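Heads up, the chain below is alone and in the form predicted on its own; it's given as structure tokens.
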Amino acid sequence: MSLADKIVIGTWPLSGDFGARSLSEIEKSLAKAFDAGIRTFDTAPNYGLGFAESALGMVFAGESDVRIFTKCGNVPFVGKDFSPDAIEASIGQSLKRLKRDSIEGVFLHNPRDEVPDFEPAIERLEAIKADGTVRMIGLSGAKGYDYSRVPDGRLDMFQQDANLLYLKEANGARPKFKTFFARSPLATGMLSGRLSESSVFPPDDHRSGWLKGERLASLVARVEAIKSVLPAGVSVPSAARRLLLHHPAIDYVICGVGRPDHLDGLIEDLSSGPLPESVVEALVSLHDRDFDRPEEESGLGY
């Protein structure tokens, strides 16, 4: 597998949930990824209430050399529903928006306590996989939630946050799941290198409700610690992506893209090679020590 094959373009930032995006920006972003050799895309029905899926359908209709993963369980305009019939209906609606008869895979989307028994949902997903509608089935997990109730080996994929601020899941996904997708490599923008304690998000950006005050200050301090161990010329975003792209326990890295220029650094990373081992060790050590933050900040991390 080439590094380009390991990259999955996340379409949530294109959906409007992080701020409005023009149709021109969306089309240029998806086309630029395709032209760079990236063929895999991740989406969900509730990203922009179906808009992200529709955008992928608009740009890639009839393009067989594209792999698309979507999700089910968070129903636009309705809410969460992981019942077998709702799962099957959701996948059918996604296929219509994506303008496809089948897709690469589907994830249960962040199920928590509303799913007391995973067996009915998994059985329906297995049936949908058996009829060729999807090639792989999996679970996109809520960060930090305990999924020990999910039966081992039944689901092909697990999608979870993994980045320089949160590496707890990357090494523990197997054998319960066969394939690990690292999500949020830039930690919803915290590892973009552009944020400071004075950063303010507009009201239509979902981060405005939680990324502020003490939490923002604590996370900015963690990012400064990361900067302190990087070699000259290596940016925080590049280090964040390269560590995941060359991580032995990570099969795919989902990189959210909201504008065409967001792809520039990612494309450059494809030819940059892995980080020096000493830098990887320093970054992992920082993470494991919680960046030497005071004990009272333990709950303010990513």
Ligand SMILES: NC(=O)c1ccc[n+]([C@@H]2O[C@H](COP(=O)([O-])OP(=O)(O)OC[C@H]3O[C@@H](n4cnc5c(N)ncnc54)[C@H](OP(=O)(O)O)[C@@H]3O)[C@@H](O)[C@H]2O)c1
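Since the structure is predicted, the reported quantities are computational estimates derived from the model, not experimental observations. Residue indices: 1-based, along the sequence shown.
The form predicted together with the named molecule is left out here; the points below concern that form.
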- prompt: Within 4.5 Å of the named molecule in the model of the complex, do Leu186, Arg241 and Gly256 each have at least one heavy atom?
  reply: yes
query: Tell me, which of Arg67, His262, Lys32, His247 has a heavy atom within 4.5 angstroms of the named molecule in the model of the complex?
result: His262
- request: Consider Gly73 of the chain shown here, and say whether it contacts the named molecule in the model of the complex, taking contact as heavy atoms within 4.5 Å.
  value: no
task: Using the partner position in the model of the complex, report whether Asn110 sits within 4.5 Å of the named molecule, counting heavy atoms only.
output: yes
- prompt: Is there a non-hydrogen atom of Arg207 within 4.5 angstroms of a non-hydrogen atom of the named molecule in the model of the complex?
  reply: yes
- request: Using the partner position in the model of the complex, report whether Gly50 sits within 4.5 Å of the named molecule, counting heavy atoms only.
  value: no
message: Only one of these stretches, 273-281, 55-63, 23-31, 42-50, has heavy atoms within 4.5 Å of the named molecule in the model of the complex; which one is it?
response: 42-50
message: For a quick check, can you give me the residues of 1-27 that have a heavy atom within 4.5 Å of the named molecule in the model of the complex?
response: Gly10, Thr11, Trp12, Pro13, Phe18
